[in-house]
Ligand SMILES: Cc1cc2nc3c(=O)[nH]c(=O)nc-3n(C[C@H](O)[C@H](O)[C@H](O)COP(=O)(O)OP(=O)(O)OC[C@H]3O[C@@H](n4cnc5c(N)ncnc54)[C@H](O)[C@@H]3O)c2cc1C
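The data below hold one chain only, encoded as structure tokens and taken in the form predicted on its own.
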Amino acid sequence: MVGNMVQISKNLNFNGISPRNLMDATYKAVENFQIRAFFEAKGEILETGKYSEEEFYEFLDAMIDAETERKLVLESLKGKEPLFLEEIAKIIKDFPPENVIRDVIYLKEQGYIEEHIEIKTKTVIKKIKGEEKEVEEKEYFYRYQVKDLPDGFIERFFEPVSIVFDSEVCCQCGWCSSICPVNAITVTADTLEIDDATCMKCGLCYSVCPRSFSIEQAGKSISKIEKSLKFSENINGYVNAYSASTTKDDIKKVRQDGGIVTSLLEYLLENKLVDAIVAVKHSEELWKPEPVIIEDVKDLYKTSGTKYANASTLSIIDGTKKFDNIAVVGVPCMMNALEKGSLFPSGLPFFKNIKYRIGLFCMESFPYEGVLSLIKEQFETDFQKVTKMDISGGKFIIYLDSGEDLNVPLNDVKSYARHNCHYCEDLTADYADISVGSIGSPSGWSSVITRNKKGEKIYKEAVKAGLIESKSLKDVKPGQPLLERIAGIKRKNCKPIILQKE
């Protein structure tokens, strides 16, 4: 590992750091259990064949770089009072602000830093059922400070993600199985299994899991310091918000709402901006979704429409390595997973070919058996007669092959939803490049949030190409206020994650 340490001094991220401080931080970094576990399992990793030797050393070097940076950030924070993440990013000028913020969050998980939460209550006037009333609202303030560590402190060891599944908070996204260097993890829509004999106990799966530890405060702080973004406490950072509808008749025939996701994906494929798309289609079992890799536009329409049952979409990402550029479509927990995989443990994405992330609004999803039970028990009908499902106006709606549509109050179907969805605070896919859903837009249209310059650019290009008709979300009813309100409700009702250790 000495050869790798020598390379670190040449890393441009460490310009301005004294050689002695850099070397001290590096020696501390290589004691990190994840780095040691990854290095010691080199033979098993290369034998598995998921990562080449060049990729192995690229990941290893990046992990050492990131851990070295974290140790330098830790030293800079020792002796300081509790600070907001944005304040810390301004104080530590040796690294980019987004790096410093992500480092603090990871140092907290490693056990070096503690999070101080201050709750303030304020009284505001709100209109409730047409009447203005005084209501109390709680505000949460998060500050971070280095712990007073005892002699012989050992940083926290990250358990394999079986701890997440056993705690019944796993969202079944499948990201851990794609990341695992030795293919020790198998994930389906309902199960997660780890082969203990193969698992190398590196903790990489825990680092990238959307349910292991939250990056919500990091995401908010990074959005706040990015001057090109607007910021909302409920929908996080964004460039613009639109209401949009496809102009293509073929897409209108298969769309759920505005047909925007399919239109964007078609634009990406036809203009060779991506070589493939990871999405979900209906499997041979009616209404049961199946993750799929789409290479041709002619297969794209099979992925149209909302699938209310969950699928482990990210479990097939490792099957996309032959493609130079891909787009991934998924719900908020999946976008969160991809973001964590680009931040931790190294800041180097495990799959550098993921060029675009298209996020779907999601309040909650259902297990496949839950969908079947819902249709049978709430509508007393055969699920094979259902041609479409929808959620609108506080109702769960099914459309039948007879042309009839039936609905029940949304509250009546909540018991069929996956309970692990209640641990997600994100309605609008904060970590996507473009987020799409129906809330806020009229029938036949979709609400679209561009999250960054890349997302805004590709959306504007698709509009310019004539694939999409677009308006500002502020110019339609019910518009952004409804979207913000429902997103706020989901954040407020989100349950805290408590991982149960045996």
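Owing to the predicted nature of the structure, the values given are computational and were not obtained by experimental measurement. One rule holds for the numbers: they count along the sequence shown, beginning at 1.
In what follows, reference is made to the form predicted in complex with the ligand, a form of this protein that is not presented.
Mapping the unseen interface onto this chain, Lys355 falls outside it, with no heavy atom inside 4.5 Å of the ligand in the predicted complex. The ligand in the predicted complex comes within 4.5 Å of no heavy atom belonging to Ser346.
For Gly341, no non-hydrogen atom is located within 4.5 Å of the ligand in the predicted complex, even though that partner is not displayed. Among heavy atoms of Ile260, some come within 4.5 Å of the ligand in the predicted complex. The chain is drawn here without the ligand; in the predicted complex, the stretch among 224-232, 361-369, 87-95, 126-134 whose residues come within 4.5 Å of it by any heavy atom is 361-369. For a residue to qualify, one of its non-hydrogen atoms must sit within 4.5 Å of the ligand in the predicted complex; all three of Val280, Pro289 and Gly437 qualify. Of the residues Asn99, Ser304, Ser76, Gln145, just one reaches the ligand in the predicted complex with a heavy atom at 4.5 Å or closer; this is Ser304. Shown without its partner, this chain lists Ile375, Val104, Val274, Val331 as candidates; in the predicted complex, only Val331 has a non-hydrogen atom within 4.5 angstroms of the ligand.
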